[in-house]
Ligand code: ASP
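Just the one chain here, laid out as structure tokens, in the form predicted alone.
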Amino acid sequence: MKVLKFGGTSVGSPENMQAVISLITDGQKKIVVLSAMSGTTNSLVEISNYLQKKNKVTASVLIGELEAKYLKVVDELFKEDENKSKGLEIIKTSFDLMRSLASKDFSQVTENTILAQGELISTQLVALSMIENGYSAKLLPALDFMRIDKDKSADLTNIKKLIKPVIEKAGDADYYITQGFICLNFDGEIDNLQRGGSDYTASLVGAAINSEEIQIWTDIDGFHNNDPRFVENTKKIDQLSFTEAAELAYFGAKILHPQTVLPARVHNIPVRLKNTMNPSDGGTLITSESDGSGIKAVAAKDGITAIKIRSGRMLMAYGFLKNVFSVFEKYKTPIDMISTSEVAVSLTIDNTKYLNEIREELEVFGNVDVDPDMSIVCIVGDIISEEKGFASKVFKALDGIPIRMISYGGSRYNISVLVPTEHKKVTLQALSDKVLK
């Protein structure tokens, strides 16, 4: 059984919902993971922000405006009065809940419950529309099996244990519809897998049922060899290895959630990226095998802050790096890149929530410089198998571009450079012109 995921744009209108239904109803059993309708999560975040600020009046207005949009969707999506009534009841249940939560004290549980309504609504409407059109479809409530642990990581062991009885309880069907993004946390409260988490849901579900293939359907044909938002004439990549895809996703390729690859790689389940607007195209296939050697693609990750610690005490000293890393561990702040010399260590982070506290503690070790507004640009492929002189080719391409850091050798699939974000576009273009084949 395959697992297919469709994002918010794919279910962003009644017409798009019907198009998705046409794509999936081929008579082969499958589990379909859906996001909220496009724009919904942003609206729900805005509502939550106003509630957090105790501005219940504005939050109430926004709730009403969003509800009106969904009432129109129901009217356009269903043909039969009975199903229109059922659709309206789905909308009423979610929006009554939001209004009830708005009248109470705000909490993280309140926010997560509000954010979950987008996926709960979209999946119920699509499933009901499928049934109206004569298809065998059942809902699999994600809150009955999707779990994260106390560290906010996916609890795949528990998901595997829970999903089988949920499917059995739903009963036999050709098409099972479930929600992406949402889950229950270690305390049994509604939570989520963060933005883009529907991809991750699909991969976790695929791993849990040992799916034959996981398909991520978006609005482009698959991975491109550079960012089409900044570089012209990019090319689609037909095949990538799990490692190559993970590197690209982590370092900025928006088509895939960074964590999606791991469950599929561990269970050796192929992942295919497909375009809902061009379903006949094969997309990008991600497997354990790489499609040849050489450089495959370039991607960029924005919102990076560089931190440099300079200290004479670092010279010939052991334990210095351990002490530095312990500061980031204390504040649960991951490090992306790192470079060291005899008297300095430079590293990057993308989460600046505790930057002031981190800086204050690092100043105990030496002088600390902080550079915000940076971008990591990574070049991905089977670099070890690339012809001699690859590094020279990269650095020649980047001649004249101010490079803040270089990471080369930590992975055979990635060489990364850190540049000011204002130079990102020219960096991507230079690599496209002089490095990519």
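Residue positions are given as counts along the sequence shown, with the first one as 1. Since the structure is predicted, the reported quantities are computational estimates derived from the model, not experimental observations.
Heads up, the form predicted together with the ligand isn't pictured, but that's what we're talking about next.
Colleague: Within 4.5 Å of the ligand in the predicted complex, counting heavy atoms only, one of 36 to 44, 400 to 408, 65 to 73, 375 to 383 shows up; tell me which.
Modeller: Selected range: 36 to 44.
Colleague: Using the partner position in the predicted complex, report whether residue 181 sits within 4.5 Å of the ligand, counting heavy atoms only.
Modeller: Heavy-atom contact with the ligand at 4.5 Å: present for residue 181.
Colleague: Do residue 92 and the ligand come within 4.5 Å of each other in the predicted complex, heavy atoms counted?
Modeller: Residue-level check for residue 92: no, no contact with the ligand.
Colleague: Is residue 283 part of the interface with the ligand in the predicted complex - any heavy atom within 4.5 Å?
Modeller: No, no contact at 4.5 Å.
Colleague: Indicate whether the ligand has at least one heavy atom within 4.5 Å of a heavy atom of residue 197 in the predicted complex.
Modeller: Contact check for residue 197: yes, within 4.5 Å of the ligand in the predicted complex.
Colleague: Using a 4.5 Å heavy atom cutoff, which residues in 112 to 131 contact the ligand in the predicted complex? It's fine if the answer is none.
Modeller: Counting only heavy atoms within 4.5 Å of the ligand in the predicted complex, the single contacting residue of 112 to 131 is 119.
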